[in-house]
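Below sits a lone chain in structure tokens, taken as the form predicted on its own.
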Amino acid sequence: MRVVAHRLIVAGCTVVGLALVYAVVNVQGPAPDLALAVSGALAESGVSHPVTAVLLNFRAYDTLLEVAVMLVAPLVAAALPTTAPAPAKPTNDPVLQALAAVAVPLALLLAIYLLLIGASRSGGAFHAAAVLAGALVLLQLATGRSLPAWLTPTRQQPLLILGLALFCAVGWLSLLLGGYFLGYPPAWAGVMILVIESGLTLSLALALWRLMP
């Protein structure tokens, strides 16, 4: 049965692959100028940076699915049977502790800065989350604990799905306001994108930290 199932999967993937190749080869007409299309609609996107406009507005549905995969990954990893590592212990290294005392607050400020400039320059939730995750790792190496004691793995779950929940909530809100799912009203697009990215920053930072060995 496994051999038959394997062959069916291979055959199905082959058919789909050949169909995609045929579709690409037989595309009629010139390729659309996507850069021109983005720049023409940038004024209604709520942001002035084309990358942010594409990721969080023009193709926000794709980004929503990507975020869902990233946030489900630590939940799946936590469910896998594995030997729990010993709790981290502080290194008692004064140099590392002094570095953490300076670097962690600066990392927090940098993360906020990266989040806020995402509307006009390179930055946004993913950059800010990476900085926060690095700060959590440094804090854990220096002190043996990076999160408050009351924030147990079970209580981390709501924070982990916060970004995805806000993403979906903003999408439904835009639908109720007369548009379509994730079709933000131009007047509120900037605020909605900022709300989404704020939630994603916290959730993605926690997800990255939990995926680290």
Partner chain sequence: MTSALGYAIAGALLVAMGLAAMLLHHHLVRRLIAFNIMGGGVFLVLLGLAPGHGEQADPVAQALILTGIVVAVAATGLALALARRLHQAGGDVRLDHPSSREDDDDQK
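Computed from a prediction, not measured in an experiment: that's the story for all the values here. Rigid core (definition): largest C-alpha set, two forms, superposition within 1.5 Å. Positions refer to the first chain, counted from 1.
Although not depicted, the form predicted together with the partner chain is the subject of the following passage.
Undergrad: Here the chain is shown alone; which of 51, 169, 177, 41 has a heavy atom within 4.5 Å of the partner chain in the predicted complex?
TA: It is 51.
Undergrad: Does the partner chain get within 4.5 angstroms of any non-hydrogen atom of residue 109 in the predicted complex?
TA: Judged by the heavy-atom cut-off of 4.5 Å, residue 109 is well away from the partner chain in the predicted complex.
Undergrad: Contact with the partner chain in the predicted complex for residue 187, defined as at least one heavy atom pair within 4.5 Å: yes or no?
TA: Close contact is absent here: in the predicted complex, residue 187 is far from the partner chain, nothing within 4.5 Å, heavy atoms only.
Undergrad: Just checking whether residue 73 would be counted as a contact of the partner chain in the predicted complex - the rule being heavy atoms within 4.5 angstroms.
TA: Judged by the heavy-atom cut-off of 4.5 Å, residue 73 is in contact with the partner chain in the predicted complex.
Undergrad: At 4.5 Å between heavy atoms, is residue 148 in contact with the partner chain in the predicted complex?
TA: No, residue 148 sits far enough from the partner chain in the predicted complex that none of its heavy atoms falls within 4.5 Å.
Undergrad: Determine which one of 148-156, 161-169, 177-185, 51-59 lies within 4.5 Å of the partner chain in the predicted complex, judging by heavy atom distances; exactly one does.
TA: Selected range: 51-59.
Undergrad: Are there residues in 8-26 with a heavy atom within 4.5 Å of the partner chain in the predicted complex, and which are they, in order?
TA: If the 4.5 Å heavy-atom criterion is applied to the partner chain in the predicted complex, 8-26 yields 9, 10, 13, 16, 17, 20, 21, 24, 25.
Undergrad: With both forms fit on the core, has residue 154 moved 2 Å or more by CA between the shown form and the other one?
TA: Result for residue 154: no, shift under 2 Å.
Undergrad: Kindly check if the Cα atom of residue 191 is displaced 2 angstroms or more between the shown form and the other one relative to the superposed rigid core.
TA: Shift of 2 Å or more: no.
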